[in-house]
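Just one chain follows, in the form predicted alone, and it is written as structure tokens.
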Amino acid sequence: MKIDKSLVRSIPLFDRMSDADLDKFLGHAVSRRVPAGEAVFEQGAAATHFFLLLHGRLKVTQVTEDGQQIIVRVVHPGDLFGFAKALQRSDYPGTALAVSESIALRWPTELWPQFVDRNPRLAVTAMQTIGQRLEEAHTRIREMSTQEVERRVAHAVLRLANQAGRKEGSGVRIDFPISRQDIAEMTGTTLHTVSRILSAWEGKGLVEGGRQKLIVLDINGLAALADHVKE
């Protein structure tokens, strides 16, 4: 089925691409609907495709050598993901799981070098994405090495509010289903610890929780908590 150019024209990756080049690029794409809870690909599987998320949200998880699952990134609409070829890998380094019903475009991995040659902006976007991931990874490593747990959780929630927040009343809602276990996996701590922290924040009016939902009621208050350094 032919993919409508209007679905992707507003994405920065494509906004300067000619109609002819965009038609060629989309001519090789296949659209896939991914129900919540289903994996687009799994860690260690052969990297047969790369993807662009059009709608929904994904979390990318990795299982460490000691069996611990961590969330390494959240994929937002307009993001490229799964381009293992650009990382000189033949397999996917993580599992991409839909946290809400999602729609993604996919292309065969063997077309990556051809697309990069014809559209240098694709390579630039991939490098920017890799750079952002590295920066986020370094930030999280630094936080886990130097910060108390409450500050790490505050930083993680603020990042989510910045990347995937939408106004709701007087607060900012994280615009996809998120559990306390997810936040624990993002911050290298336990479900019990995250539950205790969020319950305390609710009591202070910083956040409002619920089943797989989180609303930040006081961004400034949470930012002050994240930046607080104990004497």
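Source: prediction; values computed, not measured. Throughout, we count residues from 1 along the sequence that is shown.
Note that the form predicted in complex with the DNA isn't included here; everything after this is about it.
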Would you point out which of 28-36, 43-51, 161-169, 186-194 contains residues with a non-hydrogen atom within 4.5 Å of the DNA in the model of the complex? 186-194
Residue 148: heavy atom within 4.5 Å of the DNA in the model of the complex? yes
State yes or no: in the model of the complex, is some non-hydrogen atom of residue 210 no more than 4.5 angstroms from a non-hydrogen atom of the DNA? yes
Looking at the partner-bound form in the model of the complex, is residue 69 within 4.5 Å of the DNA by any heavy atom? no
Is it the case that residue 58, even though its partner is missing from this view, gets within 4.5 Å of the DNA in the model of the complex, heavy atoms only? no
Residues within stretch 160-178 having a non-hydrogen atom within 4.5 Å of the DNA in the model of the complex: 178
